[in-house]
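Here we start with a single chain on its own, the form predicted on its own, put down as structure tokens.
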């Protein structure tokens, strides 16, 4: 596995030495032995996450806009230069391949970040178009700088109008004299930014951020803390909450963006995009699944543990395996990820269930296992995101 440009600093701070592999790169799971402190930095101060392993593509040329609008479900023409947008993209059957952020850099240039390699698919859709597609994954390091005090740190390092940078917008600035692209985006559901920097300047950027950030109790955070935050924010994770249609064999393993609750990012009325006809048909026929939030009843869960003479046990970190969900003993779907929320003091989960059971407030059950025995804990369907602070967009 390759070290990212920030590795000289992340490796020094990783007391747990708990790494994972992310697209061939080393990525930190947790810096301390418990992710709670890192999570709290995201929610109460500010934290840094190394996002460099994301695949990054530069799409430019006379037909760049046409290509982007062909492959994603969003309508790029609703946006403007200097804006970013979240979007899924689908195969011909309307099944989600991946999702990511598309940034409109200038008139004929876009940047796309993806979790899975997407170059060949973009090239297949670019046939007969005047456009170039370049893999720039190793040309930039990315630092996700998240938390309610992230803006205050940035303001002390630049003369640029950071206050004026709106949600999902980007601009080129100098931070502590280092040229970067600053993007008002992130995967935590909180106030935050993503900083694009050339690899040879990554360590200097890290040092500048941390020097000022010490006044705000800055911390690096890893995948475990990020996963708690993104579940609270109702953000879906590939390979956990959905599968790429290119990575699985069977139809029941695939999902459409509509089934995943992403209809707001699917503009069926725009000009042609890949999977459009299939999605229009699915919407008319009716969806097979709805994606919802669950809140597990703690008294119900406590009573299950009490049968064993055990105190209530809650997950100190998130989980991401399929867990059956029932209504009056009947299987109606599955929870795909869940966590104890330290901020909300609730046990929450993201689930995919049959539409007739998906009404807000409905009482259902989620399976729990204690000492190899399975039980059903009470839960109710709630609105997502679970946590949605106003500062996220301010």
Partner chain sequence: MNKDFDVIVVGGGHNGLTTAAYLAKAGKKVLVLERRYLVGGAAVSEEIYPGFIYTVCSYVVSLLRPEVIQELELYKHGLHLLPTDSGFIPMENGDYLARYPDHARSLDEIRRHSLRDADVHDEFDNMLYEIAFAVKPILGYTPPNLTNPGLSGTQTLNRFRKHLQSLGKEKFHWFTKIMTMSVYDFLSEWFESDVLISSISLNGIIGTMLGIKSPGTAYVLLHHYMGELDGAYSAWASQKGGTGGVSEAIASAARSYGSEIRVNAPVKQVIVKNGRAIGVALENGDELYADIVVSGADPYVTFRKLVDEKDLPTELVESIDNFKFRGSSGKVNLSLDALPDFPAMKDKSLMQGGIYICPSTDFMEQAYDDAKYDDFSKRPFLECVIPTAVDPSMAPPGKHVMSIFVQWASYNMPKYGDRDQQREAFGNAVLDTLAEFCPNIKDLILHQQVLTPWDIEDSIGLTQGNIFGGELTLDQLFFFRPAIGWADYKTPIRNYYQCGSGTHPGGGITGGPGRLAALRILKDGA
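Values in this document were obtained by computation on a predicted structure and should not be read as measured data. Positions refer to the first chain, counted from 1.
The protein also exists as the form predicted together with the partner chain; that form is not presented, and the subsequent description refers to it.
Colleague: Given that the partner is absent here, state which listed stretch (22 to 30, 324 to 332, 60 to 68, 38 to 46) has heavy atoms within 4.5 Å of the partner chain in the model of the complex.
Modeller: It is 38 to 46 that comes within 4.5 Å of the partner.
Colleague: Using a 4.5 Å heavy atom cut-off, are 34, 311 and 344 all in contact with the partner chain in the model of the complex?
Modeller: Result yes, every residue of the spot touches the partner chain.
Colleague: Should residue 299 be classed as touching the partner chain in the model of the complex when contacts are defined as heavy atoms within 4.5 Å?
Modeller: Answer yes; at least one heavy atom of residue 299 falls within 4.5 Å of the partner chain in the model of the complex.
Colleague: Is there a heavy atom of residue 254 lying 4.5 Å or less from a heavy atom of the partner chain in the model of the complex?
Modeller: Residue-level check for residue 254: no, no contact with the partner chain.
Colleague: Report whether the minimum heavy atom distance between residue 55 and the partner chain in the model of the complex is within 4.5 Å.
Modeller: No - in the model of the complex, heavy atoms of residue 55 and the partner chain never come within 4.5 Å of each other.
Colleague: Is there a heavy atom of residue 230 no more than 4.5 Å from a heavy atom of the partner chain in the model of the complex?
Modeller: Residue 230 lies outside the contact set for the partner chain.
Colleague: Which residue, 140, 216, 121, 79, has a heavy atom that falls within 4.5 Å of the partner chain in the model of the complex?
Modeller: Of 140, 216, 121, 79, the residue with a heavy atom within 4.5 Å of the partner chain in the model of the complex is 216.
Colleague: Quick one: of 156, 166, 288, 270, which gets a non-hydrogen atom within 4.5 angstroms of the partner chain in the model of the complex?
Modeller: Checked against the cut-off, the match is 156.
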